[in-house]
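Presented as structure tokens, the chain that follows is alone, the form predicted alone.
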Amino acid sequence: MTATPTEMMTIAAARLLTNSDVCFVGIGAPSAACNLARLTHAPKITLIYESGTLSTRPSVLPLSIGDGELCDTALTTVSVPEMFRYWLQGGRITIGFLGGAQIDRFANLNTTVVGPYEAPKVRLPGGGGAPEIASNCQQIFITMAMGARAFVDRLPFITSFGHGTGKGDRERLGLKTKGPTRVMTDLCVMEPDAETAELTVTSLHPGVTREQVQAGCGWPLRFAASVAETPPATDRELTVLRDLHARTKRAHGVAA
């Protein structure tokens, strides 16, 4: 069995999670990664969604944070103010999973506008809870497919703060959490450089070249001194992930 680039991105993200993690889960690719981990190597992981569902165990991927599947399968549901004030701002979330429309070299995210804020070319959905997640979770994992329009040299708007303009910016703003520590893409894995906080390619997915990765990025990429190859997807990982997506399509009335 051979993984597609999107499947490889999801699997690489899922592998980072453990039974002891408490994850604030975003809809889409983050949700797929977190639930893949729960269904394979991390059955005791605690998944939390923005709507207030704690330790939810969905059988299909939710359409939104308000999907009834989350509440139906949760240990309990709390109010959104309690979710943010007690759980998130209280430092009880180990991992926040985010995506975005655009990202820059310091893992800042834009989900607000493309183009000038006053007269944008595109107005995006906005931040929702993402800015608070980026600030208060102990660390952030980001999942995004590569492309020059998504990985840009300069963001028109910073919705969720990553590492600002480099190492030390989070601390100067009084943020005590690590911020983004991994960016999982469909081609590679990136991590912030220890000295500069600039995103650096540390692992290439099977069959992917440096040239392919650079072509999907809007700034000159840095590569680690020793770039690893992401371990190929296992048959079990692919079977569980594909079954999850197939169940989700059936539940939502989409032909498989």
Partner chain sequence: MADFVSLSEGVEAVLSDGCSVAMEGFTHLIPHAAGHEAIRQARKRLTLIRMTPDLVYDQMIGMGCAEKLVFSWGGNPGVGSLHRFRDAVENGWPHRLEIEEHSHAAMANAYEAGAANLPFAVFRGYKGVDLPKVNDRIRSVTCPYTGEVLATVPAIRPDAAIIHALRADREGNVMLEGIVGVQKEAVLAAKRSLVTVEEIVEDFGPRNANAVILPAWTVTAIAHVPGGAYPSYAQGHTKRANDFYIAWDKIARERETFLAWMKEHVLEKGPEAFARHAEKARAA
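Numbering follows the first chain given and starts at 1. Not measured: the values here are computed from a predicted model.
Quick note: we don't show the form predicted in complex with its partner chain, though the next part is all about it.
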property: In the predicted bound form, the residue from C71, A101, V152, A145 that sits within 4.5 Å of its partner chain by heavy atoms; result: C71
property: Among the candidates P43, P231, G207, G66, the residue which, in the predicted bound form, approaches its partner chain to within 4.5 Å (heavy atoms); result: G66
property: Per-stretch contact check against its partner chain in the predicted bound form, the hit in 137-145, 179-187, 114-122, 92-100 (non-hydrogen atom, 4.5 angstroms); result: 114-122
property: Triplet T53, G127 and T159 all within 4.5 Å of its partner chain in the predicted bound form via a heavy atom; result: yes
property: Partner contact for F84 in the predicted bound form: its partner chain, 4.5 angstroms, heavy atom; result: yes
property: I27: touches its partner chain in the predicted bound form, heavy atom cutoff 4.5 angstroms; result: yes
property: Interface membership of T165, its partner chain in the predicted bound form, 4.5 Å heavy atom rule; result: no
property: 4.5 angstroms heavy atom contact with its partner chain in the predicted bound form for L75; result: no
